[in-house]
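The chain below stands alone and is given in structure tokens; this is the form predicted alone.
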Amino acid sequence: MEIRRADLYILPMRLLEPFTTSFGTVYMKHVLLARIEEKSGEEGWGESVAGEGPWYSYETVEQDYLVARRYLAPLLVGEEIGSAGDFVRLSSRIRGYPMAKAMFEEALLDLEARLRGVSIARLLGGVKERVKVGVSIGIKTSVEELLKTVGKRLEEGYERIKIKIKPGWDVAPLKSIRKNFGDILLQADANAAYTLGHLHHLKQLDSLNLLMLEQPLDYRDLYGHSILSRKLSTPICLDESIRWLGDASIAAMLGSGEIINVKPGRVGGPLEGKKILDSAPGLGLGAWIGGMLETGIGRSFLVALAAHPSVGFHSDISASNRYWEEDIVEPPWELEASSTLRVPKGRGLGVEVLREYIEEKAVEKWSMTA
């Protein structure tokens, strides 16, 4: 693949409703997109999942935009790239910035798949025609509002509900969901809001038959998670703690959790995500795919990874209309029967990127040509 051009876009996209976690509330997301073009004219698209501020990760949209222009795009433009894996090796001397690297890796995978006439799911080892998905619900202002939202999502067809929790918003809302909706598939995500000092309080969750408790402790504290996982009967799922396959291996060795949430942006790209999924059964870890408020471009890679045979839980890949009034791909991602999304069989992403819309709405644009 001889790369002759790279384009970057920053696109403001307002969420249909605010999304609140223990980190804060998101109303608007400025999405960073990359488009690369091969000498034949074929293109590939990728997306950075970096946020507005350094809360979930140190990476921000502004930082990734700078790193992409100054360091990553020059590795590609005017160069012959054999595969997306070659870019992983080329960019390894740039320390950190997994979300920015993942954006270009995605674009290369999309391009590679289009040139080969296959889907990105096939490139990444996907075997499923449909993938099971659930919905993530942010922290609400009242239990009544939460119950109303849960009811709405169940009516829409989502089988698995995940709610964000933090100290002061955990046991009571979860008990209310159980009381009102019975034995639905339910899990909680703490986004590292607790410490081992909350152990006695967290043990109350064991009576609620949760699928899992996601990332209760600090992302650096694999040892603390190993202690907590032995004290709770509720399975522990690791998110922020897993930055690459090595972290998953250490977590398995320590017994830090039973399940891992794989996010391609967090681990540096879909290829590292595939490595983790390939290794998960041997490590004795369950796995599923997490979302980070992606547009339809980034969502394509989530669906592709969720088609991997190691994914055994509902993934956080809701339909486009869960977050956006208008997505930037056609057709938009739609929830189908039995709480599933269809895995595209077409070339590359399997959906059409609305480039004219992106060009019109972008507030920042940058290009580099060979």
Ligand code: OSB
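We number the residues from 1 along the sequence you see. Fair warning: this is a prediction, and the values are worked out from it, not measured in the lab.
The protein also exists as the form predicted in complex with the ligand; that form is not presented, and the subsequent description refers to it.
J.: Since only the chain is shown here, I'm wondering whether Y56 would be in contact with the ligand in the predicted complex (any heavy atom pair within 4.5 Å).
T.: The answer is yes: Y56 has a heavy atom within 4.5 Å of the ligand.
J.: Please determine whether I139 contacts the ligand in the predicted complex, using a 4.5 Å cut-off between heavy atoms.
T.: So I139 does not count as contacting the ligand.
J.: Give a yes/no on whether N191 approaches the ligand to within 4.5 Å in the predicted complex, heavy atoms considered.
T.: Because a heavy atom of N191 falls inside 4.5 Å of the ligand in the predicted complex, the answer is yes.
J.: Does Y65 make contact with the ligand in the predicted complex, using a 4.5 Å heavy atom cut-off?
T.: Outside the cut-off, so no.
J.: To verify the annotation, which of these, L293, L124, L174, I259, has a non-hydrogen atom within 4.5 Å of the ligand in the predicted complex?
T.: By the 4.5 Å criterion, the partner-contacting residue is L293.
J.: Work out which of E112, D247, E272, D239 lies within 4.5 Å of the ligand in the predicted complex, going by heavy atoms.
T.: Exactly one listed residue reaches within 4.5 Å, namely D239.
J.: With the distance limit set at 4.5 angstroms and only heavy atoms considered, check whether E47, F301 and R355 all reach the ligand in the predicted complex.
T.: So, no: the whole triplet misses the ligand.
J.: Of these, 225-233, 70-78, 161-169, 197-205, which stretch puts a heavy atom within 4.5 angstroms of the ligand in the predicted complex?
T.: Of the stretches listed, the one contacting the partner is 161-169.
J.: Could you run down 202-216 and flag each residue that has a heavy atom within 4.5 Å of the ligand in the predicted complex?
T.: Read in sequence order, the lone residue that approaches the ligand (within 4.5 Å, in the predicted complex) is E214.
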